[in-house]
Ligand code: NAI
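Take a look at this single chain in structure tokens; it is the form predicted on its own.
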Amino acid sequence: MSAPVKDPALRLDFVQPGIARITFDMPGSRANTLNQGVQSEFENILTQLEATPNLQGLIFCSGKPGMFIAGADLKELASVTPPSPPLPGGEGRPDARALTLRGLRFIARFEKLPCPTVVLIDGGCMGGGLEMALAFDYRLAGTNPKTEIGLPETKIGLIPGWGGTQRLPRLIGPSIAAEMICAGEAAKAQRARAIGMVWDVVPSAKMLDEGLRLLAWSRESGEWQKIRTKKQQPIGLSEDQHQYTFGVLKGQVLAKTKGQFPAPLAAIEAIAKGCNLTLEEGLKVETDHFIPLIGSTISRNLIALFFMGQRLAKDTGVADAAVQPKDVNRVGVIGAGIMGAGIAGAMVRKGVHATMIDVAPELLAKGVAAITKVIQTRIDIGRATQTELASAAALLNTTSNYGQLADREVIIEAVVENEGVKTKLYRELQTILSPDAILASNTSTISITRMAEAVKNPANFAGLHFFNPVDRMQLVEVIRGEKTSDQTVATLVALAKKAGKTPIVVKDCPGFLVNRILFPYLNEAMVLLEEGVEPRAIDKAASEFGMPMGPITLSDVVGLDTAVYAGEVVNRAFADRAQETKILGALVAAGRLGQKSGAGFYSYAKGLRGADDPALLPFLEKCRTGKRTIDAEEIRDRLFLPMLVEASLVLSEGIVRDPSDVDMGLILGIGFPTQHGGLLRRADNVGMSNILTLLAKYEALGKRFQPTPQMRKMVASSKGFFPA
């Protein structure tokens, strides 16, 4: 036994004669995580328990209200060296196989204790925490609303590696277990009981009493020994059951991931190959599928995204820690269209009073209907209740009277994207709004600094750019103009978080963050079209890269008239990097506006899935400059390299404060593929010297393919956008 730990995370005591209790409570942390030090403590306690005479039972619980175990320590996991090929600088770092086997060994020791065991789960129980709980004979869930139980490893490019792919299928069946593991989703307490993950759900205050009662019953009945015997055996699927179950599961995963994420497929393989073996043999199968994923590029990218998300969750939006946001409980939203109704709906769903204003009563009615529909849809899929719908309705007020904005702490303008209309409105509002009120524009293109000239106090004016559809898009750009105050920024960041969104602070510039980097991608797609590439070929290259839709389809969905207008703003500002094209203007002039008009690049006569349209050919022929064959690799390079150049300029100009703002902005704003870790992290993975070699192939096409001084400096210093 090793020396006692100075500040132990685990406490061992006896709540009754012969009944031991382990309490997990990491000092100085809001979460319990299974790092190497904690594993050593478990090993020491297990040694004590194994030597305890007449041990009658074991209870395991957390000392943190609403938190059981968050899982493995991801920082520690990110430092693990994969078996092969080794990462540069991996010498002296922990070995993946050794650490995996260590975890499996200490968890398995719970299954060999000479007494029944029970886990009291009252709060989040994730990943390695659930894998450990599965080694106990019984699990009780508490009624704390934070109680969620799951194996989310596929979300960081891994599979459960401490027995989850083998013990969970033996508990709840391979089909349900595989669905949960592949999706990485957690179950609330009642759902966990319904599918058999936990023995029962009991009031949080009575968990210890219920745990003791369960131990006594199990000891008398001998049920705990039957549970252990069954767990060690094969599940015993017939050949037909096996082929059908895993054939269907694999098809579902491939349909969802397009084969671009290896972890869910590895999880299915581990479950499929292990379920008809003994537990001991199944665990070896799991390890063989788990080890190759550790340290893989995709896993490292997804872990990095997790930490980038944590950074944004903690970010106040300003550098000065002394700046405190105002507490906002009353919001005004001007405009009841798609964006205005979406913003008002996001506020009331999270408990913020919202007054939605529009001059037309019929538009207000339509806006209310849209808000109700969003909540009803969530009710239909089990993510909201009728009570929540009633609460949201009670928080929503509609009016045509601007005077009702007088007591609003924040007013969000979401009227038509026209600078004259917006600034006229701002001038009219100056006599109505409270002097301390913050006025924010939902503009996606217009200069915040310039529009601030129409308000009395520009310090209280900023951009608050929500993305469409608001109910599904997480990103909000908080745009600070030249005179926007720190407190205004901090308040809008806090409000966006309160509305359940992820805010990123951006300095005012044409296109702000996401649209500025997106337009080179859309512009290059038009250039490729005019050079002779077919629309489907361009979309296919982008989709195979991992984009949710190709740039041609995206243009149709956004609206070609919108694309023309927004493109003019950005392209005029960055004319040296924009390439003039004719195809968009020609289609708009012909009334082909995209999905909303029934035809754009594709035809939508039969629904929202675009079909190839022969009527497009005359437009292409008039606008095309050539008809050369361009392969998928060149299409991909030309779509994404100008984005990278623009992103480097955004960083160099200080438009955002951190490279992770760029990557998270593109992931949340346009669905940039998470497996690449973001635009900038992908560049780091490829290597900047290799990026410059690629750019050199296309440099003759214009400045949009010329590396920035920042990129050249990175090559000279052997650095990337992120620390190694």
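The model shown is predicted, which means the values in this text are computed figures rather than measured ones. Residue indices: 1-based, along the sequence shown.
In what follows, reference is made to the form predicted in complex with the ligand, a form of this protein that is not presented.
Only one segment in the set 352 to 360, 520 to 528, 198 to 206, 534 to 542 has any non-hydrogen atom within 4.5 angstroms of the ligand in the predicted complex, and it is 352 to 360. In the predicted complex, the ligand sits within 4.5 Å of a heavy atom of residue 417.
The ligand is not drawn, but in the predicted complex it has no heavy atom within 4.5 Å of residue 246. Looking at residue 176, you'd find every heavy atom of it more than 4.5 angstroms from the ligand in the predicted complex. Not displayed here, the ligand is kept clear of residue 130 by more than 4.5 Å at the level of heavy atoms in the predicted complex. Residue 422 is the only one of 592, 408, 170, 422 with a heavy atom lying within 4.5 Å of the ligand in the predicted complex. Of the listed positions (339, 298, 616, 272), a single one reaches within 4.5 angstroms of the ligand by any non-hydrogen atom in the predicted complex, namely 339.
Contacts of stretch 319 to 336 with the ligand in the predicted complex, defined by any heavy atom lying within 4.5 Å, are made by 334, 335, 336, listed in sequence order.
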